[in-house]
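One chain comes next, on its own, written as C-alpha coordinates: the form predicted on its own.
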(Lines give C-alpha, C1' and ligand atoms only; values in the text may rest on other atoms or scores of the structure.)
Protein backbone atom coordinates (compact mmCIF):
# COMPACT_ATOMS: atom_id res chain seq x y z
CA UNK A 1 0.00 0.00 0.00
CA UNK A 2 1.35 3.43 -0.93
CA UNK A 3 1.39 6.27 1.56
CA UNK A 4 0.45 9.72 0.37
CA UNK A 5 -0.71 13.00 1.84
CA UNK A 6 -3.65 12.97 -0.60
CA UNK A 7 -7.25 12.47 0.41
CA UNK A 8 -7.87 10.83 -2.98
CA UNK A 9 -5.03 9.44 -5.08
CA UNK A 10 -5.37 7.92 -8.55
CA UNK A 11 -2.26 6.81 -10.39
CA UNK A 12 -1.96 4.99 -13.71
CA UNK A 13 -5.67 4.15 -13.82
CA UNK A 14 -6.77 2.50 -17.05
CA UNK A 15 -10.17 1.13 -18.04
CA UNK A 16 -11.05 -0.41 -21.40
CA UNK A 17 -14.45 -1.47 -22.69
CA UNK A 18 -14.23 -3.94 -25.59
CA UNK A 19 -10.86 -2.51 -26.61
CA UNK A 20 -11.91 1.15 -26.25
CA UNK A 21 -9.69 2.91 -23.69
CA UNK A 22 -12.09 4.97 -21.59
CA UNK A 23 -9.25 5.88 -19.20
CA UNK A 24 -5.61 5.66 -20.20
CA UNK A 25 -3.06 6.00 -17.37
CA UNK A 26 -5.15 8.60 -15.51
CA UNK A 27 -3.49 10.25 -12.53
CA UNK A 28 -5.27 12.62 -10.14
CA UNK A 29 -4.39 13.85 -6.68
CA UNK A 30 -6.82 15.66 -4.38
CA UNK A 31 -5.39 16.92 -1.11
CA UNK A 32 -7.51 17.40 2.05
CA UNK A 33 -9.57 20.59 1.78
CA UNK A 34 -8.97 20.88 -1.95
CA UNK A 35 -11.77 21.13 -4.50
CA UNK A 36 -11.44 20.12 -8.15
CA UNK A 37 -13.71 20.45 -11.15
CA UNK A 38 -13.51 17.80 -13.83
CA UNK A 39 -14.54 19.10 -17.25
CA UNK A 40 -14.26 17.75 -20.75
CA UNK A 41 -16.22 16.76 -23.83
CA UNK A 42 -18.48 13.73 -24.10
CA UNK A 43 -16.40 10.57 -24.15
CA UNK A 44 -13.45 12.10 -22.29
CA UNK A 45 -13.78 9.64 -19.38
CA UNK A 46 -15.35 11.81 -16.68
CA UNK A 47 -18.12 9.34 -15.86
CA UNK A 48 -15.79 6.36 -16.05
CA UNK A 49 -13.42 8.10 -13.61
CA UNK A 50 -16.31 8.63 -11.17
CA UNK A 51 -17.44 5.03 -11.69
CA UNK A 52 -13.96 3.86 -10.70
CA UNK A 53 -13.83 6.11 -7.62
CA UNK A 54 -17.29 5.02 -6.43
CA UNK A 55 -16.72 1.32 -7.10
CA UNK A 56 -19.16 0.88 -9.99
CA UNK A 57 -16.30 0.03 -12.38
CA UNK A 58 -13.06 -1.79 -11.56
CA UNK A 59 -9.97 -0.41 -13.27
CA UNK A 60 -7.88 -2.71 -15.44
CA UNK A 61 -4.78 -1.24 -13.84
CA UNK A 62 -3.65 1.51 -11.50
CA UNK A 63 -4.05 2.65 -7.91
CA UNK A 64 -7.18 4.24 -6.43
CA UNK A 65 -6.45 5.19 -2.82
CA UNK A 66 -8.38 7.16 -0.21
CA UNK A 67 -7.50 8.65 3.20
CA UNK A 68 -3.74 9.11 2.70
CA UNK A 69 -3.43 5.69 1.08
CA UNK A 70 -5.02 3.81 3.98
CA UNK A 71 -7.97 2.58 1.88
CA UNK A 72 -7.63 0.85 -1.50
CA UNK A 73 -10.96 1.66 -3.18
CA UNK A 74 -10.44 -1.05 -5.80
CA UNK A 75 -10.99 -3.71 -3.12
CA UNK A 76 -14.37 -2.34 -1.96
CA UNK A 77 -17.91 -2.51 -3.31
CA UNK A 78 -20.12 0.53 -3.95
CA UNK A 79 -21.91 0.33 -0.60
CA UNK A 80 -18.65 0.17 1.36
CA UNK A 81 -17.27 3.14 -0.56
CA UNK A 82 -20.47 5.12 0.13
CA UNK A 83 -20.07 4.33 3.83
CA UNK A 84 -16.65 6.01 3.67
CA UNK A 85 -18.42 9.21 2.59
CA UNK A 86 -17.76 9.03 -1.14
CA UNK A 87 -20.91 9.78 -3.09
CA UNK A 88 -21.96 11.25 -6.37
CA UNK A 89 -24.50 13.76 -7.52
CA UNK A 90 -26.21 13.29 -10.87
CA UNK A 91 -27.57 15.99 -13.16
CA UNK A 92 -31.22 15.06 -12.54
CA UNK A 93 -32.00 15.35 -8.83
CA UNK A 94 -33.43 12.33 -7.05
CA UNK A 95 -35.33 13.38 -3.94
CA UNK A 96 -38.40 12.04 -2.15
CA UNK A 97 -40.84 14.51 -3.70
CA UNK A 98 -43.79 13.66 -1.43
CA UNK A 99 -41.76 14.26 1.73
CA UNK A 100 -40.62 17.54 3.24
CA UNK A 101 -37.13 18.92 2.82
CA UNK A 102 -36.48 18.11 6.48
CA UNK A 103 -37.71 14.53 6.11
CA UNK A 104 -35.53 14.00 3.02
CA UNK A 105 -32.50 14.90 5.13
CA UNK A 106 -33.67 12.65 7.97
CA UNK A 107 -34.07 9.72 5.55
CA UNK A 108 -30.54 10.31 4.22
CA UNK A 109 -28.84 10.38 7.64
CA UNK A 110 -26.18 7.75 8.15
CA UNK A 111 -27.14 5.09 10.67
CA UNK A 112 -28.61 1.64 11.17
CA UNK A 113 -31.29 0.69 8.63
CA UNK A 114 -32.67 -2.60 9.97
CA UNK A 115 -36.38 -3.17 10.67
CA UNK A 116 -35.96 -2.82 14.43
CA UNK A 117 -33.98 0.40 14.25
CA UNK A 118 -36.52 1.86 11.83
CA UNK A 119 -39.50 0.93 13.99
CA UNK A 120 -38.04 2.40 17.17
CA UNK A 121 -36.03 5.29 15.72
CA UNK A 122 -36.15 8.60 17.55
CA UNK A 123 -34.26 11.63 16.33
CA UNK A 124 -31.32 12.42 18.61
CA UNK A 125 -30.06 15.89 19.49
CA UNK A 126 -26.96 15.19 17.37
CA UNK A 127 -29.08 14.25 14.37
CA UNK A 128 -31.22 17.37 14.78
CA UNK A 129 -28.06 19.48 14.95
CA UNK A 130 -26.66 17.83 11.80
CA UNK A 131 -29.89 18.44 9.88
CA UNK A 132 -29.90 22.08 10.98
CA UNK A 133 -26.29 22.41 9.75
CA UNK A 134 -27.25 20.89 6.41
CA UNK A 135 -30.26 23.20 6.07
CA UNK A 136 -27.85 26.09 6.58
CA UNK A 137 -25.21 24.83 4.15
CA UNK A 138 -27.82 24.22 1.44
CA UNK A 139 -29.72 27.44 2.24
CA UNK A 140 -32.96 25.47 2.51
CA UNK A 141 -33.75 26.38 6.12
CA UNK A 142 -36.74 28.52 5.11
CA UNK A 143 -38.07 25.56 3.11
CA UNK A 144 -37.70 22.83 5.74
CA UNK A 145 -41.44 22.11 5.86
CA UNK A 146 -42.07 22.31 2.09
CA UNK A 147 -42.62 19.18 0.06
CA UNK A 148 -39.48 18.50 -1.96
CA UNK A 149 -41.59 18.17 -5.11
CA UNK A 150 -42.48 21.87 -4.81
CA UNK A 151 -38.88 23.05 -4.87
CA UNK A 152 -37.28 24.62 -7.94
CA UNK A 153 -34.81 22.49 -9.90
CA UNK A 154 -31.86 24.28 -8.30
CA UNK A 155 -33.28 23.83 -4.80
CA UNK A 156 -33.74 20.12 -5.49
CA UNK A 157 -30.09 19.99 -6.55
CA UNK A 158 -29.07 21.55 -3.23
CA UNK A 159 -31.35 19.20 -1.32
CA UNK A 160 -29.71 16.23 -2.98
CA UNK A 161 -26.27 17.61 -2.09
CA UNK A 162 -27.49 17.92 1.51
CA UNK A 163 -28.69 14.32 1.39
CA UNK A 164 -25.26 13.19 0.17
CA UNK A 165 -23.62 15.09 3.01
CA UNK A 166 -26.05 13.51 5.50
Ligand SMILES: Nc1ncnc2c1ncn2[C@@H]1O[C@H](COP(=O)(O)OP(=O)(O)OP(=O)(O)O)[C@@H](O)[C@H]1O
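Residue numbers count along the first chain shown, from 1. None of the values given here were measured: they were computed from a predicted structure.
Omitted from view is the form predicted in complex with this ligand, to which the following refers.
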May I ask you to state whether residue 138 is within 4.5 Å of this ligand in the predicted bound form, using heavy atom distances? no
Whether residue 43 contacts this ligand in the predicted bound form should be assessed with a 4.5 Å heavy atom distance threshold; does it? yes
According to a 4.5 angstroms non-hydrogen atom cut-off, is residue 54 in contact with this ligand in the predicted bound form? no
Counting only non-hydrogen atoms and a 4.5 angstroms cut-off, does residue 104 reach this ligand in the predicted bound form? no
Report the stretch among 26-34, 60-68, 129-137, 44-52 that approaches this ligand in the predicted bound form to within 4.5 Å, counting heavy atoms only. 44-52
Residues in 4-26 that come within 4.5 Å of this ligand in the predicted bound form by at least one heavy atom, in order, are 17, 20, 22
